[in-house]
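Take a look at this one chain, the form predicted on its own, written out in C-alpha cells.
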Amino acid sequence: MTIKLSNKARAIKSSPTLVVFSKAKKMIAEGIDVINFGVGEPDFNTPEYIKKAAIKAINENFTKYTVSPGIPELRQAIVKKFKDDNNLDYSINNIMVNPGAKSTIATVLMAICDPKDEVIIPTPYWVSYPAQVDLADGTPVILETDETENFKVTPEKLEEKILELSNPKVLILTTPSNPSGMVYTKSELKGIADVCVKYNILVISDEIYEKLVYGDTKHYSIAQVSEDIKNLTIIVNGVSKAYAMTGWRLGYAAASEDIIQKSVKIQSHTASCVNSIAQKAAIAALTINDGSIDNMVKEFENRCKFLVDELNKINNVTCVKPDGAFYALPNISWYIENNKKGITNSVELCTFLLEKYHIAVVPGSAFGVENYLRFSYANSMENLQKGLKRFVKGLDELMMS
C-alpha cells in the first residue's frame, strides 16, 4: 500500500546545516578526524549556576506542566531583561516562552500569516526561514543583498521590493546575522523602521545572537527606534546561543498582546508548554552573571579575528569581518568558476572538502548566497588552525589537473 503524504511535507527540504552536521558526525563515529565548521552552537558547557538551578528544580519536583506562555517568574525576568538591555517596556502579557527560538518563529508566523501573505526575507538568511513561512501558508519573498552592502538590506531596496508585491505582510530581520555575522546600526534600523511603518509591515526581529557582539559594536533592536515600529515588531530571542544552552530548547518572543495571545493559543495545541526545568534554568541565566558569558564572548572574538584574517590571506578568497554571532562567510566564487575538478556550486565544493579533506562547512546556497561558504568558529583555536590548513590544501587541489 502506498501512503500519500501531504504536499506540504513533501515540499519541505531537510536543513542543510543539519545534513552537514549529521554526515560529519557519522564520519567521526567511524573514526575519521573531521574538523566541523558546520555546527551552529557554542562549544562551551552551560555555566554551572544554570545547571544548579535546573538540578534544584528537579529536586523540588518542579516537573509538571506549566502554563502555556511560560511561568510568570520567567516572563517577568524576560521583561526585566528587555528593560535593562534594550530600554524596552513590556508586561508579562507581551511575552511568551517557547521550546527554542526556532519554534518561536514558526508559532508567530502561524499567528500572523494567511495564505498568500508575503514575507520578505533578505539574503543571506537563516536556512529555516523560507521553510517556516511555507509551513505557515505564507509566501517567502527573497530580497537579495551582497557583500558590498555588508549583507544588509537598505531602506531603498526594501521599499522597492514592497512596491513590487501584491500582499506584503512581514519582514524577517536578523541582527546579529546567521550566517554573515553582520550587525545593524541604530541608524540603519531607523531607515528600515520608517519604511515598515509607512507600509504597515510587521517585523520579526531575530535577536538570538544579541549578546555575541565584538569590539565597539553595540546591539540594537529595531523596536527601540520608535513606539510605532515597536507595535509592529515581534522580537525573537532565547538562551541557546548566549548561555550555551542549545539543547535546553528555550526561546521567547515579545510583541503586542494580541499577537502573543494568538501565538499562545497555537502553542497550547502544539507544544503545550516549555520544559518546566528549562524554564527554571532560564531564570538563572537571565538574572545571574558569574562572568562566564563574558569570557565566552572574548574567546569568540579572538577566534573571529584569527579566522577572518587567515581566510583573507588565501588567494582569491575574500571575507567581510563579522560584527557578531560566531560565523564567517567567505566568498569562494573564484574557485567555483575556475576549478579543474568539475565543481559547479557550493554544495559540490562542501562535499569535496568533507569527503577528501575531512572539514565540514556549510554551502552558501543554504542561505540564499551561492558563491559562499559558512564557517562556524564555535570550535577550538587548535581545530581552527588545523581546519584552515586542510581548507587551503583543498582549494589548492581544485586547481590541479
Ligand SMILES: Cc1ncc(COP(=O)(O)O)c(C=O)c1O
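One rule holds for the numbers: they count along the sequence shown, beginning at 1. These numbers were taken from a predicted model, which means no experiment stands behind them.
Keep in mind that the form predicted together with the named molecule is missing from the display, and what follows is about it.
Q: In the predicted bound form, which of the stretches 182-190, 303-311, 254-262, 98-106 has residues with heavy atoms within 4.5 Å of the named molecule?
A: Result of the contact check: 98-106.
Q: Closest heavy atom of Glu210 to the named molecule in the predicted bound form, within 4.5 Å or not?
A: No, Glu210 is distant from the partner.
Q: Should Phe151 be counted as a contact of the named molecule in the predicted bound form, where contact means heavy atoms within 4.5 Å?
A: No - in the predicted bound form, heavy atoms of Phe151 and the named molecule never come within 4.5 Å of each other.
Q: Hey, in the predicted bound form, is Lys241 touching the named molecule, heavy atoms inside 4.5 Å?
A: The answer is yes: Lys241 has a heavy atom within 4.5 Å of the named molecule.
Q: Decide whether Asp323 counts as a contact residue for the named molecule in the predicted bound form under a heavy atom distance cut-off of 4.5 Å.
A: No, Asp323 is distant from the partner.
Q: Can you pick the one in Thr233, Ser221, Gln279, Asn178 that has a heavy atom within 4.5 Å of the named molecule in the predicted bound form?
A: After the contact test, the surviving option is Asn178.
Q: What is the one choice in Arg249, Lys161, Lys169, Lys81 with a heavy atom within 4.5 Å of the named molecule in the predicted bound form?
A: Contact check passes for Arg249.
Q: If you apply a 4.5 angstroms heavy atom cut-off, which residues in 124-140 are near the named molecule in the predicted bound form?
A: If the 4.5 Å heavy-atom criterion is applied to the named molecule in the predicted bound form, 124-140 yields Trp126, Tyr129.
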